[in-house]
Each structure stands twice: as structure tokens, then as C-alpha cells.
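Coming up is one lone chain in C-alpha cells, specifically the form predicted on its own.
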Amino acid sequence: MKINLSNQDVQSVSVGKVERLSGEDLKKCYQCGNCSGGCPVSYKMEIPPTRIMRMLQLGRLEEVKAANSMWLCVGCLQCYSRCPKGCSVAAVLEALRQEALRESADRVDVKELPMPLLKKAPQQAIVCGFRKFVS
């Protein structure tokens, strides 16, 4: 697949904002793939962690935001612990999630959650879910 890149895409203001919010330097990633290999949910992600970093390096932010990857990341930091350059894809995905929640409506409507789920779910899961999916 041919990709047309412009200097404006690679040095995008939006991607720079993601770097500032996450505290990560996306240019450090050299695509070793250890993050995807250690991620417990990468098999369910539309875009695996390694590819997310590459796409952001190339300025393809909208494609990353449209995928389900940022919503599936559990923030376990396996990506960070396995990365030889100390990059945290989890921090990048958290920054993307925060931006998405600021820009639009909540990912989950709390009123639509079934009451049996709320009664059975551990309190920590509910708090983490609200933090992750609700602005």
C-alpha cells in the first residue's frame, strides 16, 4: 500500500499534542515489536501497539483514533516494561483516550449499564471503567 506523507503530516501539531500529554517521545520507538508481543489485549486491537507508534510517527493520528485500540488498552504497562527504549504505548493511548473524551461524548452511557453488572462487578473495576470511558 502506497502512503503519501507530507512534512506537515510528520510534524503534525496534533501528534505533538499527544507527545506532550503522554510525556513520550514517539521518535524513540524503532519498531522492535516487544510492546505488541507482551500486550495481553493486542490480539483484540484493530491496530497493535507497535503499529500505533509507527502510525503516529507518520502523522496518521485520525486512523489511530478511529480504531478500538485506545479503548482496549488496560494500562498494565507491559509495553513499557518490555521496551528497550523506555516507550510507554499505554501512556500514549491514555493521552489519546483523554483527547477523545474531551472532544466528544462519553464512550459509555452509564445509564445503559445493566444493574446486575454494577452489583456484581468489583468496585475497583467500576471506578476504573468510569475513569476510562466517561469524561
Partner chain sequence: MNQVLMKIPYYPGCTLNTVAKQFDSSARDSALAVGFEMAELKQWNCCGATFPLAPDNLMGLTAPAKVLSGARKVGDTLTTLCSVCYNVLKRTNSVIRESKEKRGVVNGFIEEEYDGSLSVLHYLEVLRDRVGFDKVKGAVKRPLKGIKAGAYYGCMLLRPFEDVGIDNAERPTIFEDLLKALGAEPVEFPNRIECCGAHLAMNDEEVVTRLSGAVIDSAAGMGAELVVTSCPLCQYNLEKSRGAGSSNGVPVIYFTQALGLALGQDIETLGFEKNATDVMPLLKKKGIA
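Since we're looking at a predicted model, the values are computed, not measured. Positions refer to the first chain, counted from 1.
Heads up, the form predicted together with its partner chain isn't pictured, but that's what we're talking about next.
Trainee: For this chain shown on its own, do 28, 66 and 84 all sit within 4.5 Å of its partner chain in the predicted bound form, going by heavy atoms?
Mentor: Not a single residue of the candidate spot has a heavy atom within 4.5 Å of its partner chain in the predicted bound form.
Trainee: Is there a heavy atom of residue 98 lying 4.5 Å or less from a heavy atom of its partner chain in the predicted bound form?
Mentor: Answer yes; at least one heavy atom of residue 98 falls within 4.5 Å of its partner chain in the predicted bound form.
Trainee: Hey, in the predicted bound form, is residue 47 touching its partner chain, heavy atoms inside 4.5 Å?
Mentor: No.
Trainee: Contact between residue 121 and its partner chain in the predicted bound form at 4.5 Å, heavy atoms?
Mentor: Answer yes; at least one heavy atom of residue 121 falls within 4.5 Å of its partner chain in the predicted bound form.
Trainee: If you check in the predicted bound form, is residue 36 within 4.5 Å of its partner chain, heavy atoms only?
Mentor: No, residue 36 is distant from the partner.
Trainee: Taking its partner chain in the predicted bound form, which residues of 11 to 48 have any heavy atom within 4.5 Å of it?
Mentor: Residues within 4.5 Å: 20, 21, 22, 23, 38, 40, 41, 43, 44.
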